[in-house]
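The chain below stands alone and is given as structure tokens, in the form predicted on its own.
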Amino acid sequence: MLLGTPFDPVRDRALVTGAGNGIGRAIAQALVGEGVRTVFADLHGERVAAAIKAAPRPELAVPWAGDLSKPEACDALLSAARDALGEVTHFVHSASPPRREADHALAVDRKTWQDMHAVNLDAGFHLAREIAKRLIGAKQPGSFLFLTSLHAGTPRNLPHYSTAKAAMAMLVKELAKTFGRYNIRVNALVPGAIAAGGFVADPALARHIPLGRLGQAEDLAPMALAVLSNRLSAYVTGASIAVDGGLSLTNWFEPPVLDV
């Protein structure tokens, strides 16, 4: 059964950032449901605890809480993951600070800009590189997955968010090219209008979506598992796969109204 055993529970170990809510939570819960021991990492410990409690196999989940905008927290997460799991073979980077529609180009402050890039890009790069170093040294394959955005290529009126996601999209390609010879695959999922993770979508947005509805975090999890699986997607790397109901076929945002 090709689709019956996407992971090897004996060897595969996962680390998911942003696992306390939204898409990260759905992917982390799906991984433990497939028998993969998984670190649930998030900024908020109470969200991690709730995500693990609701997981299909909570005994396979390892909680961790910390602020990934800080380099020392990234190092602490890596250390905790190694202590709990040994080598991490599957890395999912879904963590991202919340977005505020008011933070357009003339309103976003320096800290908000820096934190958005630090969590999405800096933490993603550092974690992926350190996990890859260990896998390369151990001569083990791996699979990494970054959650980017349709707005990596389409303005969002939130320049800190769109530029961070655009940089992540190129980072996926850079890492895929560098790590491919070591059998470490790096890919991206590109969510559309997903009603999760603090994003409150206007139901009217559904009229722009060919499949006729807003997405849910659970819509991402099956594709995430397929792309992460070295059994199902062994020849897929450097890819960005849209899971958006067809929303990328249009751009529905108007320019912001500036009070100047």
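Throughout, we count residues from 1 along the sequence that is shown. Remember, predicted model here, so these are calculated numbers, not experimental data.
Keep in mind that the form predicted in complex with a small molecule is missing from the display, and what follows is about it.
Only one of the listed residues (232, 223, 43, 62) places a non-hydrogen atom within 4.5 angstroms of the small molecule in the model of the complex, and that residue is 43. None of 128, 95, 81, 172 but one reaches within 4.5 angstroms of the small molecule in the model of the complex through a heavy atom, and that residue is 95. Residues of just one listed stretch (29 to 37, 49 to 57, 224 to 232, 62 to 70) have heavy atoms within 4.5 Å of the small molecule in the model of the complex: 62 to 70. The candidate site formed by 148, 192 and 196 is fully in contact with the small molecule in the model of the complex, as each residue has a non-hydrogen atom within 4.5 angstroms of it. The small molecule in the model of the complex comes within 4.5 Å of a heavy atom belonging to residue 119.
Among residues of the shown chain, residue 160 is not one whose heavy atoms approach the small molecule to within 4.5 Å in the model of the complex.
In the model of the complex, at least one heavy atom of residue 23 sits within 4.5 Å of the small molecule. With a 4.5 Å cutoff on heavy atoms, residue 165 counts as touching the small molecule in the model of the complex.
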